[in-house]
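Only one chain is shown below, in structure tokens, and it's the form predicted alone.
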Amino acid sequence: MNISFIGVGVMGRGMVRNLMKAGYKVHIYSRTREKAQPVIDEGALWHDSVASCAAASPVIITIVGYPKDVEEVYFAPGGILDSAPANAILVDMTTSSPVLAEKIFDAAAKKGLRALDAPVSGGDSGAANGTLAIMVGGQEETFRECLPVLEAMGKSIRFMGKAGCGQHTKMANQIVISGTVSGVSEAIAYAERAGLDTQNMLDAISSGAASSWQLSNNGQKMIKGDFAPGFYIKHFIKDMALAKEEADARGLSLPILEKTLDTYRALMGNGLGDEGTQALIKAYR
């Protein structure tokens, strides 16, 4: 089966590799061919445009940077909605706006296409290992049809409800992460000031009630000074801002999210937007 994949970046490369391992023929497009070259060398089929790539397959997956990029690849002349084959399934895996997910779903339906919003969690390691958590909104029948494709990329795959519900679930995920990564940073900052062996401290608390993915993964990176991006600060700022916007629209105050967002924005203002989210520890140091 042919699959088209648009957006071959930090996350996309691992996802494309796992689709190929599962036996799919993967057609790809990305703004920068150089970033996609490793998977081209491994057998992915390069296209020079969104239109050409989208036309090649009955399932079209996108994972791009920002909602404006999603809007462009779907709605621009010659974009996915203009180019997809009849009855194709469009799967946007970008963390994006729930409102935009609903807009894509409605526009796709008018053209005889089917759309799912299916944002992911797990970072570059989850993408590489095929262990992503995938949260899906749309029609359940379409979800069931597309499930084998999603299973090639993820481990925990859940249907969350109508169009937009995948994105709303991802907002909840990012709200949890905002508090957790802040807590890990504060614990490490405290341990350093108290003169503890930080590795010993992490080992001690990682098997107790404080255990979390952020502690075991980003906590280790923090104490080692490894700030390479598994997930960019600039993209996490985008996600948290979307979550805040959705909360504000519902009259809901989320003070921990808001404080974490402000701290990350300060780091980005200091030129750290391309570092990983674990660089939050720098604000405490």
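Heads up: residue numbers just count along the shown sequence, starting at 1. Values in this document were obtained by computation on a predicted structure and should not be read as measured data.
We do not show the form predicted together with another copy of the chain, though everything after this point is about it.
Contact with another copy of the chain in the predicted bound form, defined as a heavy atom within 4.5 Å, is made by all three of R158, V176 and L215. Another copy of the chain is not shown here, and in the predicted bound form it never comes within 4.5 Å of any heavy atom of T32. Another copy of the chain is not shown here, but in the predicted bound form it comes within 4.5 Å of a heavy atom of E246. Residue contact with another copy of the chain in the predicted bound form: A36 places no heavy atom within 4.5 Å of it. Not displayed here, another copy of the chain is approached by H168 to within 4.5 Å at the level of heavy atoms in the predicted bound form. Screening 190 to 198, 145 to 153, 70 to 78, 104 to 112 for residues having heavy atoms within 4.5 Å of another copy of the chain in the predicted bound form returns a single hit, 190 to 198.
For the residues V184, I89, A127, L100, the 4.5 Å heavy atom test against another copy of the chain in the predicted bound form is passed only by V184. Residues from 243 to 263 that approach another copy of the chain in the predicted bound form with a non-hydrogen atom closer than or equal to 4.5 Å are A243, E246, A247, R250, G251, L252, S253, L254, P255, I256, L257, K259, T260, in the order they occur in the chain.
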